[in-house]
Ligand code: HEC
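Next up: a single chain in structure tokens, the form predicted on its own.
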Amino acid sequence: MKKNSWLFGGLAVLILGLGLIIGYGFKPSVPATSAVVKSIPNGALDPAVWGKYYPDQYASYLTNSEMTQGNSKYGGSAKFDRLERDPMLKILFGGYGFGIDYTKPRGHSFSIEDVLETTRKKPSASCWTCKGPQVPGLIAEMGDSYYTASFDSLKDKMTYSISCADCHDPETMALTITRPALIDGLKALGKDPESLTRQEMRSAVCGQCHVSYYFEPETNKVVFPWENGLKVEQMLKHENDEKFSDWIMPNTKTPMAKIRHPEYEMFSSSVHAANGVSCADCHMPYVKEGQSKISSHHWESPLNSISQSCQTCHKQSEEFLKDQVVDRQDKVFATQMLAEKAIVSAIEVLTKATNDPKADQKLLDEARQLHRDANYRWDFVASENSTGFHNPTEALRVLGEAIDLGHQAAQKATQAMNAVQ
């Protein structure tokens, strides 16, 4: 009987051990847990201080300083001049700062350096909003006067690039939204920022900055144009209704609106999002660091970590998965170039019509609206940092509309010049 008891106990331990291996050893998507949550000293923003309590995460975070092309065909963390690679951008952004300086930024570690180096005009301190963990405290201290303060007046206060305090509560380590613009944007969508699930938060913290926005006239407050939804036409409707424009193109007199890196919006209607995947699942996969399993804090292309980022769900080979990504990006990029050519052609005709004193002004204004609509759609894809992969179907739909609207703008401008007076 005693022998059987030992046998039974041994089997129980073996079964429990196998259960733990199956439950944790073979599922990289299951986070490691810690019995103790270590609170960070009150007010600490220096990531090195957080690193004393979470050394594995900090070691991973430090790798963001590495600049490399990696396995990404169209991205990577190394700097390059977009205008040099694609001269049509100088025409598409004619009369605006992006037509003069449009440098591909480096990784998060260089957020402060890169914004200081750009020669584009910085209208106010609002340009600091996504650049480092000091910002939430400054907004709390200064209120709305933060947004109207000059960019240079807060320059000396910005000492740490994007880091731990931008996304984590220092007492509980829970993910937290630190930027008011996202809270306002979620409310505009009818979402309660306090009721997001953990998985939703794993995208929302990225959506504090990886979004499109504009500065509200007069106040310079950061606004996410989400009142009507996250689709490009819904965002444009908001800006059209507000009669907002970032600049007037000098040669066509078109009131233009600029899209900024709308990764959150593009991803939101993707097949991955529909299946509950978050930004962090792919860009911050679970990895082994020392004796711990942590969420990687090296924010980079999933193509550099296919086994952890992709193969937890997709069982094909790494080569196959990379080829699938690049194939989709190639198609999007080729279509993006067609859209650019269509809009550049429209600009040429619009310029001619604008300089024609006999052109019908009503038709010319209609052509300008078509130009604005086309450019906004093209820019939604062109400025989104995945070359369409976050949502290839949506990217191609939007670019198709941009091409059509570009042709319509050219036709309408031609009609304006040929109209019977």
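Residues carry their position along the shown sequence, with the first being 1. Values in this document were obtained by computation on a predicted structure and should not be read as measured data.
Missing here is the form predicted together with ligand HEC; even so, the following discussion is about that form.
Engineer: At 4.5 Å between heavy atoms, only one of the stretches 118-126, 323-331, 93-101, 186-194 reaches ligand HEC in the predicted bound form; which one is it?
Structural biologist: After filtering at 4.5 Å, what remains is 323-331.
Engineer: State the residue from Val222, Cys282, Val349, Leu138 whose non-hydrogen atoms include one within 4.5 Å of ligand HEC in the predicted bound form.
Structural biologist: Exactly one listed residue reaches within 4.5 Å, namely Cys282.
Engineer: Heavy atom within 4.5 Å of ligand HEC in the predicted bound form: which of Tyr214, Tyr146, Trp247, Phe110?
Structural biologist: In short, Phe110.
Engineer: May I ask you to check whether Trp226 falls inside a 4.5 Å heavy atom distance of ligand HEC in the predicted bound form?
Structural biologist: Residue-level check for Trp226: no, no contact with ligand HEC.
Engineer: Even though ligand HEC is not shown here, does Gln291 get within 4.5 Å of it in the predicted bound form, heavy atoms only?
Structural biologist: Judged by the heavy-atom cut-off of 4.5 Å, Gln291 is well away from ligand HEC in the predicted bound form.
Engineer: My question is simply whether Asn275 lines the interface with ligand HEC in the predicted bound form - judged by any non-hydrogen atom within 4.5 Å.
Structural biologist: Yes, contact at 4.5 Å.
Engineer: Residue-level question: is His210 within 4.5 Å of ligand HEC in the predicted bound form, judged on heavy atoms?
Structural biologist: His210: yes, in contact with ligand HEC in the predicted bound form.
Engineer: Just give me the residues of 147-166, first to last, that have a heavy atom within 4.5 Å of ligand HEC in the predicted bound form.
Structural biologist: Contacts from 147-166: Ile162, Ser163, Cys164, Asp166.
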